[in-house]
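In structure tokens, one chain follows: the form predicted alone.
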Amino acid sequence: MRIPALLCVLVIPCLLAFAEDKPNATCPVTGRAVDPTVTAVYEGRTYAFADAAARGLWTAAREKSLYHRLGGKPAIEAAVDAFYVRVLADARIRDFFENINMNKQRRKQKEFLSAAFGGPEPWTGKDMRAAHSELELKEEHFNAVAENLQKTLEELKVSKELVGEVMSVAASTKDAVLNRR
């Protein structure tokens, strides 16, 4: 029996999406095996936990996180996209991105900021020191990036309090980005 092409177009993407939403096997709080009946859905993804207490801690951490207070994934995506428009127009730093795949760069930045701001997924990429080690960045480059980040957030009408928290997180990376000890 052949499956009609239209059915394939409609059903297969749904099945693939379902397969990708398979819950984790290790509890993100305890590191133990999960109980598949103890789950939480956050931003459309299902997370499994070892027990209800771990789920409660994880859920509370999400609600208190800077990531969540900024607006979660949609807000991070909008901010990063707007940020790189500014960065690529800034003569002080745009040359650092000359031979960079910007789609990949935006994706990595979104993942990093999500993790740095307390989002649900841990950062699995390079640490800041390794990622920037060969760039020969100077204080003025870091400051230009920080300035563009702050202006982007202000342009997006993020509250002064949250902008301050974001800028504190950014400042905490300065020595690693500039490869200072």
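Small disclaimer: the values here were computed from a predicted structure and weren't measured. Note that residue numbering follows the sequence shown and begins at 1.
Another form, the form predicted in complex with a small molecule, is not on view; read the next lines as being about it.
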Taking heavy atoms and a 4.5 Å cut-off, does A54 contact the small molecule in the predicted complex?
no
Does the small molecule come within 4.5 Å of any heavy atom of A50 in the predicted complex?
no
With a cut-off of 4.5 Å between heavy atoms, is I93 one of the residues that contacts the small molecule in the predicted complex?
yes
Give a yes/no on whether A40 approaches the small molecule to within 4.5 Å in the predicted complex, heavy atoms considered.
no
Among L156, A33, A115, L135, just one has a heavy atom within 4.5 Å of the small molecule in the predicted complex, namely L135
Counting only non-hydrogen atoms, choose the one of 57 to 65, 42 to 50, 139 to 147, 25 to 33 that falls within 4.5 Å of the small molecule in the predicted complex.
139 to 147
Are all three residues Q105, K126 and A131 in contact with the small molecule in the predicted complex, where contact means a non-hydrogen atom within 4.5 Å?
yes
